[in-house]
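Read the single chain below, which is given as structure tokens and is the form predicted on its own.
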Amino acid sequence: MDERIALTVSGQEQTAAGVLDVGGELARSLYVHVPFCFHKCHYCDFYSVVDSGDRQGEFTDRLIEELRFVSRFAAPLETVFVGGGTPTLLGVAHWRRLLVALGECFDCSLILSGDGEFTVECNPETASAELMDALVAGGVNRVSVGAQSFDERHLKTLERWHDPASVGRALGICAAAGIGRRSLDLIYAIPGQTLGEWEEDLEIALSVDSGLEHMSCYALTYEAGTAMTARFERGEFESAPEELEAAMYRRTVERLGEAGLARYEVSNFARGDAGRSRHNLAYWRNASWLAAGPAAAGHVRAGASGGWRWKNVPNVRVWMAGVAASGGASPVIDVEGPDRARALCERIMMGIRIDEGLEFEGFLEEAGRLGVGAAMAAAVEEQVGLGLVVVEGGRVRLTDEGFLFADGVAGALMGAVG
């Protein structure tokens, strides 16, 4: 692709100025970030703003402008994912405008035919029949509902304010509207949580929706800059012991497997291949995707040298002003150009997390071209010796034990790149 994508600069953002020459492939995936929340959960490090609704109209106007701009770099879309924030906090009228614009700007024929995937993240308290009907009319065929826990005490620790009973109601509303693909998010290793309480969360999750095809189960992490981390550093609570966290993870794999939800990525479980998140697989396979909305990150591949990565400015006010001033191009930060060593590290970091693993000869050959082939082969051999990976069928894959240490395995392999 010889076109140039204008990623303009606003204010004091630290980024490359003017225009980036992408020169990469057309993207088949799109991520849209809706930053609005009615409350900031203490564990969350995604960009969000507490909003009363007064900026939603202008936000939607600017988002449509940006979608129109980035659509020139898209092939027919295979996946769309709208995350946040709380996307379902956006008003129904704004959603209708946004969905119409998506259909006008992009070729969504694969999604509308059922061969593609269009996911919207959903807070259980914001699900309504009117909203879900509007989403279905606009092509949405998958929802991801954030439950996190069914225990009110643990929800309070997370500063997650919803009635646990609203999760089942939300999933029922989605099903009644015709959204056949439904996923649920849970968090474990919450301070004070026991193994038995986590098992109870799993049982409730499996019971609230018999048609659930996907679950994401994440260990609580203490991200820099979050209120949760500040409270932890003040000594308000202790993190879960490593042994308990490992026991919770092993039980998750076992119990969800019994229920027909097989692990296909470290934290993700699906009912058959069709239940897997195709959009997230695009991330883990290091494909190309476009980004729209404040703080949304994009990636466009450009051959063996990797590709371009960038992040829209994480400030809704600056983002709206920049999009309006540039005719649709977002201000950006964290711009990274093609780099073969970085591309190989990204390939390892993302690919090792999924059950299909890495194509062994391919990434070993690329390591050889970088002059680190012997070091990479030795790193793989070391991880095999530790029982964390296996090499079979031409691929390097995590073992059951390796899934517990996926980040460490990735770090060891990336360390061979130097």
Partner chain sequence: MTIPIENIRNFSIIAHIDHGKSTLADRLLQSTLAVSEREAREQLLDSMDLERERGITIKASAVTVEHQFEGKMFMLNFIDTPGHVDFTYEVSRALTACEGAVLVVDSTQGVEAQTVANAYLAIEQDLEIIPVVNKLDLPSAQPEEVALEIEQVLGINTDDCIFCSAKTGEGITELLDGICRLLPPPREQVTDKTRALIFDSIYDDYRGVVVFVRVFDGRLTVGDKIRMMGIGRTFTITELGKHRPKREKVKSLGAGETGYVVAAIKTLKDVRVGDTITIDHSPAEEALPGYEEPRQMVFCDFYPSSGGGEGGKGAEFDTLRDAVERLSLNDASFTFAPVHSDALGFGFRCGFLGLLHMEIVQERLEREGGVEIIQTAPTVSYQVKRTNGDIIDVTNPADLPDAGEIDELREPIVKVEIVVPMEYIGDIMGLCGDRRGIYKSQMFVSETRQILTYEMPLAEIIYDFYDKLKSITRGYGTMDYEMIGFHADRLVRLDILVNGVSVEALCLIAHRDTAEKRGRAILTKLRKAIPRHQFEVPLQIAIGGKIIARETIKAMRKNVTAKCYGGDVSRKRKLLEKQKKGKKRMKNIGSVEVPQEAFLAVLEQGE
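Positions refer to the first chain, counted from 1. All values derive from a computational prediction rather than experimental measurement.
There is also a form predicted together with the partner chain; it is not shown, and the following applies to it.
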Using the partner position in the predicted complex, report whether residue 73 sits within 4.5 Å of the partner chain, counting heavy atoms only. no
Is residue 283 close to the partner chain in the predicted complex, meaning a heavy atom pair under 4.5 Å apart or at it? yes
Can you work out whether residue 267 and the partner chain are in contact in the predicted complex, taking contact to mean some heavy atom pair no more than 4.5 Å apart? yes
Using heavy atoms and a 4.5 Å limit, would one call residue 67 a contact residue for the partner chain in the predicted complex? no
Testing 85-93, 168-176, 245-253, 112-120 against the partner chain in the predicted complex with a 4.5 Å heavy atom criterion leaves exactly one stretch, namely 245-253
By the heavy atom within 4.5 Å rule, which residue out of 350, 26, 390, 370 makes contact with the partner chain in the predicted complex? 350
219, 204, 195, 324: which sits within 4.5 Å of the partner chain in the predicted complex by any heavy atom? 219
Taking only heavy atoms into account, state which residues of 395-418 are within 4.5 Å of the partner chain in the predicted complex, ordered by sequence. 403, 404, 405, 406, 407, 408, 410, 411, 414, 415, 418
